[in-house]
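One chain comes next, on its own, written as structure tokens: the form predicted on its own.
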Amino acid sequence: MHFGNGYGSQPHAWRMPGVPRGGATDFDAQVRYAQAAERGKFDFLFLPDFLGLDTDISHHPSMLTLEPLLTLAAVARGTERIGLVTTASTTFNEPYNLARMFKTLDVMSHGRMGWNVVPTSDPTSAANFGKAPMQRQEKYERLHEMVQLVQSLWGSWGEDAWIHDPASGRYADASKIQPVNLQGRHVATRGPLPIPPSEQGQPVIFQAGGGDYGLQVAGQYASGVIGATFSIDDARAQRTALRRAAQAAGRDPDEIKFFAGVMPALGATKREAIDRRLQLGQDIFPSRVPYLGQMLGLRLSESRLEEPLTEQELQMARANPGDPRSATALKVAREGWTIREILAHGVIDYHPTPVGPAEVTADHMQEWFEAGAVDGFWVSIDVFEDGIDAFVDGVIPILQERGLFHTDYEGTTLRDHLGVPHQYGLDARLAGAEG
């Protein structure tokens, strides 16, 4: 489950009835939402991150949490099984700092942490560190060095080094706790990191973002990939490319799991689901009308928000090949909805939006999964306060009844949930891998 700003994935979730005021700083609410997701047996929470201000906050909050690692520290103490995955930049951190924070949280959570590995290229984020953005080649060189050094630090306390025997007076076997003494072009570390292994050994590596560089990173290191795609064919192609990249790196393709996004619009009926999204988008839909027009090859004015497209417009409309969401927008427009209602279908949202009763979302997820397009989904809930429970009580039981989703956690760690192998330290198959 996408776990963001304390309100939900829709920009105006903060204004919905019943949503606590000040949710962005209400960590009791964050823990309560995590517990609701855990009640639904979600495998993990996923926290994106951005090292600057990600939006104009005049009328809606940032979509991100205040500081993800500190947020997950609070969540870890209030949950027992659900995995905890967050983004941390390889560009503006040092390997020792990241290794220490993530492994501490992994121990604190009893083996539930994951690190979404990303570089940072945004100029405003770089300016927060008094830096200029790195060139693409350099930032990915640094990323490879960071991952390899962090994993080496994680493994620098040997798995059986902790003796902890009061009778003999032996606390640890110092011979199994060794410096790593690694020097790359961009980063270096001495080590060791004085933290024993967690129940899963060390945190799980995730990756988000495409392109050849991202594919190489995922293939070499990732056990989970957070994707963005709008069709089964594209999702299947992305998953196939990831599995091939893992195989090329000497790994078993089944070690890498692809999660596509989905943004359910739930309601007892389709009309109720649309009305909820109309309320959530009342202030942002006018500004989206011109872009909807571009998607359909039409000139549309916000003054026509309450009107459907004319017959002539529907005959002229064409899905823009440059935007994969356009085909869905055209299909919805042809159903006779007003322009405001077309937008309420989530046709400009950043993941597919099944609209209507819980069965509609369950059908979407089942179709994609059975087509071999995904290993799972990361679910963006519109409003946390009531939307998590709606998904847990509506969609998940249907998936369970269809034999598509577990009825309880089979294990205790994130690696257990994902079904990926144990790892401690740098993957021996990748030792000396080119960055």
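This structure is a prediction, so every number in the text was calculated from the model and none was measured. We number the residues from 1 along the sequence you see.
Note that the form predicted in complex with another copy of the chain isn't included here; everything after this is about it.
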Partner contact for Q216 in the predicted complex: another copy of the chain, 4.5 angstroms, heavy atom: no
Close approach of R402 to another copy of the chain in the predicted complex, 4.5 Å, heavy atom: no
In the predicted complex, R39 touching another copy of the chain (heavy atom, 4.5 Å): no
Close approach of Q148 to another copy of the chain in the predicted complex, 4.5 Å, heavy atom: no
Candidate stretches 222-230, 271-279, 194-202, 235-243, one within 4.5 Å of another copy of the chain in the predicted complex by heavy atom: 194-202
Another copy of the chain: the contacting residue among Q207, T90, T361, T189 in the predicted complex [heavy atom, 4.5 Å]: T189
Answer option from G211, P321, G336, P166, heavy atom within 4.5 Å of another copy of the chain in the predicted complex: P166
In the predicted complex, residues of 239-266 near another copy of the chain [heavy atom within 4.5 Å]: none
